[in-house]
Every structure is written in C-alpha cells, then in structure tokens.
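What follows is one chain in structure tokens, specifically the form predicted alone.
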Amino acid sequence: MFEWLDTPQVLIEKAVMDRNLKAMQDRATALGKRLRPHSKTHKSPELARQQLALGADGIMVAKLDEASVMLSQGIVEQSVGYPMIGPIKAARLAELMLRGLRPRVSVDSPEGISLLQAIGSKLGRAIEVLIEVNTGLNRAGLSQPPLVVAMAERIARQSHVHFKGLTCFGGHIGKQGSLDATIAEIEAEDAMLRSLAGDLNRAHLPPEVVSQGGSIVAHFAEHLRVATELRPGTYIFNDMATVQAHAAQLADCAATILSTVVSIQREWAVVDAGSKSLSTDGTREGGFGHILGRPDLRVLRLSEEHGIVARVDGGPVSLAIGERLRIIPNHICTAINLHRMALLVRDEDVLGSVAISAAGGVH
C-alpha cells in the first residue's frame, strides 16, 4: 500500500472529498441557507477556492494567521471567529484590511467592540460584527438574553462597527452518541437562537445573520429554523467524531494518515504516526483513530512519534514490520494542522498534492 511514499503522510481520497463538498453545498442551497465553510479544517487556499467555486458565501477562519494566508491567495470575504483583543491583533487586522480583507468579526465583550471601533475609525470603514452566543459548549460567548441585547445596543451606538447578527458553535452537540440526543441538542440550540432573535427584533435590532457552526449541526440542518448561515469545517474530510455522531459514514471519511509498522511486540505494534501526526482527541469508545480494513485493531495510545496499535480483544497483533496502515483520526482538524502537505489519491494512485499553507498558524 503506497510503498513508495515516506510516512507518516496525509492521504485524501479526492472523489470522497469532492462528494462531501458538493453534498454540503447542495444541502445548504436546498434549505435556503448560505454556506461559509470553516477553513481551519483544511488550512488550504486551494481547497477554500474549491468551496467558493461550488457556491460558498466566503469562508471562516479561526485566527489572523489563517486570514493572511487565505487573503494572499485572493480570498477576501472572511469571518474571523476568534475574539480580537489587544493592540497587536488590532494592528494586524488593520493591516489585513488595508490589503483588501473584508472581515466579519465575532465579539462577546465591550473590549472587543472598542478595538473594532478604533480600527474602523482609523480606516474610515465600518466593520461587520456578530455577537457570539454560548449555546452549551461553555467556551466563549454570551448566554443571557439581556446581555446579548445590551451588546447589540452598544454596537449600534458605534459609528464604525455594524451589528450584523448572531454566531455560535455547537461543539458540544453529538458527544453523547445517540441520534435522538443529537437531534434534541440541535433543536435546543435552534430554540435558544430563535428566542434571542425575537428579543433583538423587539429591541428594533433585527439580526440579518444567524450563523451556526459545526459539521454535525450542518448535517442535520433541516432542524434549523432560524439559521441563515452554516459554518461547517470537518465535513470536507469527516473523521471519527462525525461518524460517531451519525453525521457521516466511514465511507465519507476522505482523509487518512498513512503510517508504517516499525516495531512488533507480542501484544502491540508500533507505527510511526504519534501525537505529532494524529489528533490526541479521544472518543467515547477510546483509542486514537480508526484503522481502515482492520476492525480487530485500535490505536491504543500515542507518544510524540509513536502510535501503539493493539488488538481490541487483547490478543497478539497480526501485523508485520514494514506493513502500511491508513488511520482515520478522531479529529481531522488538529491532525491536518500538524502537516504541511497532503496527497490527493484515488485508491492507490496519487493524483496530485495540496499545500496545507496555513498549518501551524495559531496567532
């Protein structure tokens, strides 16, 4: 299996990826929702352009490193999800806007609004903002309706910040594994956003955009009544998290990490893909990835450069030194960020390569 390739190596089944991209765009279009994919999954301008060509309404980035890479390749319509705080971020965002970036920025604090107002005033441009809402992930974002309305009112008083609407990320959704529980969580998120939209309408601050993030939520977007925009990321490749949340099948997983068995012990084997090649995110079932074609095996544990593979039943492993394994990571976004290049393949034919140009961009 790909004996001529060095490992570890990211392989992307192009036909599967293309199918995933088209299916999500078709779903959004059929439901009358705009698609703004999150590029943190692939970190590749080439793949972002493919999403835009299919009909995406701009892209989402997490941080300004990603925004800069995407902008350098002509992608100007970007939502920036991470809070912009501090003079360094202010200077960088202003510089990107001078280069042509048309940002939509998430905020959840007065400090964030003041920073954007200062940039907009300096550049003579109004910056679109979305108020980030905490719908259950308990990360950033506001959850109390009076605070959301007060934040929108504060934004409305600014001269160079324009209130565009609401944004959220349902990263907590689908963790329980039950399809019914996942649907219930999505409907609860939708109900919260509908209630907040109603509060804003009554305050004469109607949200033009209600943006919901997450591939699991987007897969079940027919349950979303208020969302105007979907921001899935993982869907382009899928991973074991989306599979276990019933948002994808194994056949929908386009990206794998090709690895080589480098050592054999009686009860385990060692592959050359460790925590610097695979995600360290776990799953309910345990393990650190799914080995294609070998349901009898699991990636039991990781160190930096070593993956420990064992049999599910604890028996002797039936592998040979030099054997190749393809592993679907639990969380493909963090795995892709560890690599600088991926190969596009069809079965065992290499079709080309994709630069992961924004890999490692965390600023």
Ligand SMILES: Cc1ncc(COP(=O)(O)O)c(C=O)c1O
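Start at 1 and count along the sequence shown; that's the residue number. Because the structure is a prediction, the values reported are computed rather than measured.
Separately, the form predicted together with this ligand exists; it is not shown, and the next lines address it.
J.: Looking at 227-235, 258-266, 143-151, 195-203, which one sits within 4.5 Å of this ligand in the predicted complex if you count heavy atoms only?
T.: Every other range fails; the passing one is 227-235.
J.: I'd like to check something about C333: if you look in the predicted complex, is any of its heavy atoms closer than or equal to 4.5 Å to a heavy atom of this ligand?
T.: Within the cut-off, so yes.
J.: Tell me, yes or no, whether M60 is in contact with this ligand in the predicted complex, where a contact means a heavy atom of each within 4.5 Å.
T.: Looking in the predicted complex, residue contacts with this ligand include M60, since a heavy atom lies within 4.5 Å.
J.: With a 4.5 Å heavy atom cut-off, would you call K43 a contact of this ligand in the predicted complex?
T.: K43: no contact with this ligand in the predicted complex.
J.: Within 4.5 Å, heavy atoms only: does F288 come near this ligand in the predicted complex?
T.: Residue-level check for F288: no, no contact with this ligand.
J.: Check each of G174, P103, G165, G214 and return the one that places a heavy atom within 4.5 angstroms of this ligand in the predicted complex.
T.: Of the listed residues, the single hit is G214.
J.: Pick out the residues of 86-118 whose heavy atoms come within 4.5 Å of this ligand in the predicted complex.
T.: Heavy-atom contacts to this ligand in the predicted complex: nothing from 86-118.
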